[in-house]
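The chain below stands alone and is given in structure tokens; this is the form predicted on its own.
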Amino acid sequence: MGIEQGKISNRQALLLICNSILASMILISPALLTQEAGQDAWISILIAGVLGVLMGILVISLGLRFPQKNLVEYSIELLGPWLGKAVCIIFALFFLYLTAYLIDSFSALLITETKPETPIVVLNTFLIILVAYGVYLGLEVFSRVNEIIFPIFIVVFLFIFCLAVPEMDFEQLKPIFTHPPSHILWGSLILFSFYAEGAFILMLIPSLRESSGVRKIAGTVSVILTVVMLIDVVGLIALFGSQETARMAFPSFELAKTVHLGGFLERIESLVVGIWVGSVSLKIMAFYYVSVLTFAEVFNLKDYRPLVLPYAIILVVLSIIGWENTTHINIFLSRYYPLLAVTVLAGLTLLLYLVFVGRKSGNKGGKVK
């Protein structure tokens, strides 16, 4: 067991994983999927859902092989102190970089849609202060907050979708299979890169109060995410058409702006922004927390909290200089991030699992001899 002594329930872990994948995926990926696969984007979602189940099974299976140890501890056990720590540093740096990207992309949403006159450095700094405070309070605190925010997020999403249904034309989903398989597969890889982010749970499995029922988390998470994304993308294409959805920076937010109920429910996007600020902040907290915890474990610190403030300063700088505008963010996400996420998260997880299986087989062979 590492330096983190907080405990969360399996339900809290399930909701934390769902929010940590979905909060940005539902904002950004619909435009990217329709750019690649057009009205066939729903096929990409189904393929990504299957890949997500496999990734979840791999992550949970690896974690449960060492239920009382976190990623750093069993990486060192499997790969040795130098290579094991190197793998974990790559893992931590990935989530540092991802956190900076999330901060910058969400600030871009706020500037584009609600605060066009606000300097991005102000929004980035404010958001980093908020999430740093949550990370300092610890896993139990922001997991409990997420247990409240994420169900509200889902209810609001379904409510908005239901109000928008009368305006939708589902004929815009036809014809099907009009895009090349390579485009559909690349779209599924883009979406799968979000699923792969769930590998952050490798650092948190020892913090679960009970290991029974953990295996169900992988399938449940994938089903929830696939259903929500299908509803979202199918609804966007039916409402705007695939070409218009592909041109939008944040299609799901544009859907919220079209919703009204009679003459008394208008400007519902203000509620959506409030919910998304909470949801994305909790996603960033989870990744921020996992990254500082990993570094603290690698360097044998007694507590991760001394790293929270230096991390915040690094994030302010990185989030400002990393991407120039929304266009650069989308290019990074559609062209480079899928390969980066699959290589680092899926690749390192698979590497550790294969080393474990190889050592286990070797030990059995030794006993037979």
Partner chain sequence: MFVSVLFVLLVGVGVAYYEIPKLMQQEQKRELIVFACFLLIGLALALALSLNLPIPNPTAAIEFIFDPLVRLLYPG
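Residue numbers count along the first chain shown, from 1. Just so it is clear, the structure is predicted and the values come from calculations on it, not from any experiment.
Only in words, not in the display: the form predicted together with the partner chain, which the text now covers.
Exactly one listed residue, out of F250, F295, F161, Y74, brings a non-hydrogen atom to within 4.5 Å of the partner chain in the model of the complex: F295.
If you check the partner chain in the model of the complex, you find a heavy atom from every one of H183, V317 and H328 within 4.5 Å. I47 falls outside the set of residues with a heavy atom inside 4.5 Å of the partner chain in the model of the complex.
Contact check for W42: no non-hydrogen atom falls within 4.5 Å of the partner chain in the model of the complex.
Residue contact with the partner chain in the model of the complex: L309 places a heavy atom within 4.5 Å of it. In the model of the complex, at least one heavy atom of T343 sits within 4.5 Å of a heavy atom of the partner chain. Stretch-level contact analysis of 183 to 191, 144 to 152, 211 to 219, 230 to 238 against the partner chain in the model of the complex, using heavy atoms and a 4.5 Å limit, identifies 183 to 191. In sequence order, F295, F299, N300, L301, K302 are the residues of 281 to 302 having a heavy atom within 4.5 Å of the partner chain in the model of the complex; the partner itself is omitted from this view.
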